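First comes one chain, alone, set out as C-alpha cells in the form predicted on its own.
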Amino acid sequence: MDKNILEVKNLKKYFPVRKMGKKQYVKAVDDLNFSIREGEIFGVLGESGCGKSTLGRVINRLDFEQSGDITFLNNVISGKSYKSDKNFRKKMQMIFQNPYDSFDPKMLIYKSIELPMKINDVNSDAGSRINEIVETMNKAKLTPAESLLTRYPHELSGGQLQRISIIRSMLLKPKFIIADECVSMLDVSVRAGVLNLLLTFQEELNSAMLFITHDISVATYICNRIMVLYAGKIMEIAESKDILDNPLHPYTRALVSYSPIISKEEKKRFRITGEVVTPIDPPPGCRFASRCPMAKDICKKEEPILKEIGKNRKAACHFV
C-alpha cells in the first residue's frame, strides 16, 4: 500500500477584514481533511474564490494557517516557517499561475534557472549546471536552448516561460509539486504541451503533485483523485473516473456538466445559477445550499459531514 507523503487535518486559514466597522473573517480554507499518496497526482477543483490557491500557499508555507496540522514526509510542518530552509524548499516546489511573475525581469533566463540549483547544491560546478540545463531544455523541445537562455523573460512567450518554470522546479528533483492553475493563462494551443511536459517530469521523478485547477476536463485528464472545493469546504473526494462518470455531490454534478463531453440534456439538468457564496462569515448549513437545486430546510441549518461513501470516496451532502 502506498504511503502518504502529505496529510492535512482540520486545516483552517482565515483572513481578517472590516465590514461596516466590524471585524469579520474570510474563511478561505475551513476545516479541511485529506491526504496525498507518494507519486499521486491529487487534483483540487472548484470555481474562482473557493480557496484552492490559498490551500496551495499554506501547504508550501507561503501563508500560515489559523489552526490544523500539515504533515509532510512524516514531519509536522504546520506552525513553522521554512522561508530559508533549503532542505524543505528542494523537496517541495510550487509552479505558479502567471509565469511572468515567476521570473526576475532584470535577470537572464539561464541565471534564473541556475540560481536555485546553486543555492540547493545541485552540481557544484557551474559548467555542469549549465550543461544539465541545456540538456533538459532540449529534451523539453525548447530550442535552440543556448539562444533562449541568454534572453530576458519579456522576450519569451507565456508558454515558453511556463515550460522553463517547470524545468527550473524539476531540476531540483522535488518529492512534491504544487501546480497552481499552471496552464490557465496560456493559449489553448499550447496547454497540452505544457501539461504533457509536467506529466513527463512527474513520472520520471515519481513526485507527488497537488494540481490546482478550475477546469474539470484538465483535472480528469491529469489527476488520479480529485477533491472538489466550494467556498473553503470540501464537497467531494473521489477517483477522477468516478468524479466524471458518477458525480455524487450536486456541486460536482454542476462542474461536470460544464465538460464538453457531456450531452446538452445533462448540461441543462445540472445547471446552477448565482455567484459563489461569500466566504466572509458564511451562514450556517451547507455552503452550497443557496445555489443547490436539491436543497431542503436541513441544508440551511446543519452543515453536512464529509463521510465515506464506498471505497476511496467521500462526500459532504445530507442526501448522498
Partner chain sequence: MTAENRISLSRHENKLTKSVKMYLRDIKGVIGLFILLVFIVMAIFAPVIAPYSPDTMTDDVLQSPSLNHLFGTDHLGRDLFSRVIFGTRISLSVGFVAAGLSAIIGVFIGSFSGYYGGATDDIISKVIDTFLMIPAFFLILIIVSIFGSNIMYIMLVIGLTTWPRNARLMRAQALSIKEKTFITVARSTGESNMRILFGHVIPNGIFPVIANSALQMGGAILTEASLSFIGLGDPNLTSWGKLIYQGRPYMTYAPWTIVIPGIFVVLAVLAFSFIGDGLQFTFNPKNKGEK
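Predicted, not measured: the structure shown is a model, and the values here were computed from it. Numbering follows the first chain given and starts at 1.
What comes next is about the form predicted together with the partner chain, which is not displayed.
Novice: Exactly one stretch in 226 to 234, 189 to 197, 239 to 247, 96 to 104 has heavy atoms within 4.5 Å of the partner chain in the predicted bound form; which is it?
Specialist: Selected stretch: 96 to 104.
Novice: Do all of 110, 152 and 155 end up near the partner chain in the predicted bound form, with near meaning a heavy atom within 4.5 Å?
Specialist: All three within 4.5 Å in the predicted bound form.
Novice: Scan 84, 74, 138, 124 and let me know which has any heavy atom within 4.5 Å of the partner chain in the predicted bound form.
Specialist: After the contact test, the surviving option is 84.
Novice: Just checking whether residue 78 would be counted as a contact of the partner chain in the predicted bound form - the rule being heavy atoms within 4.5 angstroms.
Specialist: Residue 78: no contact with the partner chain in the predicted bound form.
Novice: Is there any non-hydrogen atom of residue 89 lying within 4.5 Å of the partner chain in the predicted bound form?
Specialist: Contact check for residue 89: yes, within 4.5 Å of the partner chain in the predicted bound form.
Novice: State yes or no: in the predicted bound form, is some non-hydrogen atom of residue 54 no more than 4.5 angstroms from a non-hydrogen atom of the partner chain?
Specialist: Looking in the predicted bound form, residue contacts with the partner chain do not include residue 54, since no heavy atom lies within 4.5 Å.
Novice: How about residue 120 - does it come within 4.5 Å of the partner chain in the predicted bound form, if we only consider non-hydrogen atoms?
Specialist: So residue 120 counts as contacting the partner chain.
Novice: Check each residue of 189 to 225 against the partner chain in the predicted bound form and list those with a heavy atom within 4.5 Å, in sequence order.
Specialist: Not one residue comes within 4.5 Å of the partner.
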